[in-house]
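Only one chain is shown below, in structure tokens, and it's the form predicted alone.
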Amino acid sequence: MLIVAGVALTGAAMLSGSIESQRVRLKLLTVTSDESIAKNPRTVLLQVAPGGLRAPMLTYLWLRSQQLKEDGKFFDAQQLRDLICDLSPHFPGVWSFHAWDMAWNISVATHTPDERWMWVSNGIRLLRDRGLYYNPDNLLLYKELAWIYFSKMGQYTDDMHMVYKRRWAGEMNHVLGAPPFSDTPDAAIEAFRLIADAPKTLANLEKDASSADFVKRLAGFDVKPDGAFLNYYNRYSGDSSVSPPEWLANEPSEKDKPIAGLMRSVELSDARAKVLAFVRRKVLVEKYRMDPNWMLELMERYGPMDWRNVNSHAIYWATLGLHKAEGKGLAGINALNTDRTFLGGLKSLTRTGQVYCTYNQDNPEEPYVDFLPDWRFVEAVHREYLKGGKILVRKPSGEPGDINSNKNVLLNGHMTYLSNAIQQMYFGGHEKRAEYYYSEIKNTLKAKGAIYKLDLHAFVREKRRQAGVPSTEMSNALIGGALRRAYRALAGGNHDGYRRGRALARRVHRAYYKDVAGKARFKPQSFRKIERDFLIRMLLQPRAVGLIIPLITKAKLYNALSPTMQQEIYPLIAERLRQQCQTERINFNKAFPAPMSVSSP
């Protein structure tokens, strides 16, 4: 036995060097004691205490956690998985697998919206708050995190996808509010720049005298410049980008009245704005582990991302991962898939980039959310496709190749994307932009085929005929764009344009409804309800449909509606429009007369 032991020890000594080099290469080494304690003393203990039993312990924990999951004991399994992660903090596959299992597998084994959202958000937090904390340069974890935002939350495969979209929009609306509404990207970018450029520490904030005075006033009410300030600001400031509508807002209690006064004071508005920017930056960094400067850079590079949209976060984590991994030999399939997620998210912003949140009194954490196409991202997607195509066709000598060659595997996707964007812009009333990108397909991409010899109008008609049933996002974009075009025409007295636009919206809805009638997660509402809700938003909150409409134009539109439609929407719009008429000193009963079967309030 002594001889066997001696041989074993000798063999172990001979192998220790190669094993140690592999541990270094795979980043399986324990970090130094000081770094580990600073991160998590529990992790240090769990890596050191088991000694040689660490490997069999991990094996047992894996098997046991899987069994508990199969038995439906998800919380018990989660406790063991947390232990597995602490035992292997520098093994990315552990974090990736457990986050995927929570977001994709355990979530669909539950049935209520709260349970679904809890497990999806648990997967996000595991990767974002812990996995990337220990592995800040690992592309696999960034890829998985971006994929949860893009596919699980942003697409339509999960029957509760709208729950995820609404919950996330509610969180981000609470932190950042709605960006300024503008056809150009500048307003939204400049608004976010205030957050990115805000002081990083409280000490730096208080170097400004007015900000220091405002922080001192807050301290007098035991309110710190953090999430607590944000709660009071959103509740009492009257800022329409974050607060509930005035008719739903609650009056502050006697205790809160002085704080509400601070949030509404006109004299303190400049100081309050500086503190607000500081707090928003602080929450983004500390709670959501996001870098506001990287967020701003993405907005300047690609367009005015609305961070209430899950696709914006897919782009953020995908691009940040590619940036962190650059030059570290971490390319390959993970880089390719991460790049695909980024491009997919950017394309989705074209179809869903404009977000409008409507306060939900029954569940403030889950607002009603509308998504509208945002043409401002088309150029960014077009540039990315051109950039990728040029890389693919580049000659070994480094000289540029022909972007239209067979080496450009992105070409067909590029043309399909632009064709869809052209149709959306055309039906949304942006014919000049549609004409420009149609010329890009013909002249830059050199598309071949008889269809590309047609003029824009004939091209769009033929594409719609060929397409048959549109996708979910395409359907929503086309219906919304057609209704917007129809009712803008009606408000201007163009009845032929109204009939054409409405007929198109009905055709798209009919084709899509027929195709997905048996699929609950895709099935749309009735066309009548879609049209009615669209009109209500157009009259009460025109930003929700991408428009700015004067009150007199709203009156013209309302009076041009059929009596039946007036009867449906009047009880829902009368009080709000009455308030607007009082503000602008317009006779409400003349501008918006009650339908015959509806008594005037």
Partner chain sequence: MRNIWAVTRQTFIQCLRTRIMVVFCVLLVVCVLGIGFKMTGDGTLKGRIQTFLSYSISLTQLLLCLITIFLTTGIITADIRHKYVFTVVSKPLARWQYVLGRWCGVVGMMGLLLVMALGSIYLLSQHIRKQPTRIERKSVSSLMQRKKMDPDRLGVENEIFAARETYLPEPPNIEKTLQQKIKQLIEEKGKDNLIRDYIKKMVPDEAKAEKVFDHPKMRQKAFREIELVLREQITEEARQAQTGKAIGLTFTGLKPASADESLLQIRYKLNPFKSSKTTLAGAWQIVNPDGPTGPPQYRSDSAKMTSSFMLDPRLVSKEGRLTVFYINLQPGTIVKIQPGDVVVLQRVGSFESNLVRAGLLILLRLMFLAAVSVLFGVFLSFPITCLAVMMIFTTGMASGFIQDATRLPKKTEPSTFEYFSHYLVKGIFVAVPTLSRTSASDSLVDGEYIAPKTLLREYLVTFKQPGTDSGRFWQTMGLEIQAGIGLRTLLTLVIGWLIFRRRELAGIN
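Residue numbers count along the first chain shown, from 1. Quick caveat: nothing in here was measured; it's all calculated off a predicted structure.
From this point on, the text means the form predicted in complex with the partner chain, which you will not see here.
Could you tell me which of 529-537, 564-572, 548-556, 64-72 sits within 4.5 Å of the partner chain in the predicted bound form, going by non-hydrogen atoms?
Result of the contact check: 64-72.
Does the 4.5 Å heavy atom contact test between Glu379 and the partner chain in the predicted bound form come out positive?
Glu379 lies outside the contact set for the partner chain.
Even though the partner chain is not shown here, does Ile84 get within 4.5 Å of it in the predicted bound form, heavy atoms only?
No - in the predicted bound form, heavy atoms of Ile84 and the partner chain never come within 4.5 Å of each other.
Taking the partner chain as it sits in the predicted bound form, is His457 in contact with it (heavy atom to heavy atom, 4.5 Å or less)?
Because no heavy atom of His457 falls inside 4.5 Å of the partner chain in the predicted bound form, the answer is no.
In the predicted bound form, Asp114 touching the partner chain (heavy atom, 4.5 Å)
Flag for Asp114 set to yes.
Of these, Leu194, Ala503, Met162, Met118, which has a heavy atom no more than 4.5 Å from the partner chain in the predicted bound form?
Partner contact (heavy atom, 4.5 Å) among the options: Met118.
So which of Ala178, Val215, Leu410, Leu80 reaches within 4.5 angstroms of the partner chain in the predicted bound form, heavy atom to heavy atom?
Result of the distance check: Leu80.
Counting heavy atoms only and using a 4.5 Å cut-off, do Asn105, Ala109 and Glu365 all touch the partner chain in the predicted bound form?
Looking in the predicted bound form, the three residues Asn105, Ala109 and Glu365 all sit within 4.5 Å of the partner chain (heavy atoms).
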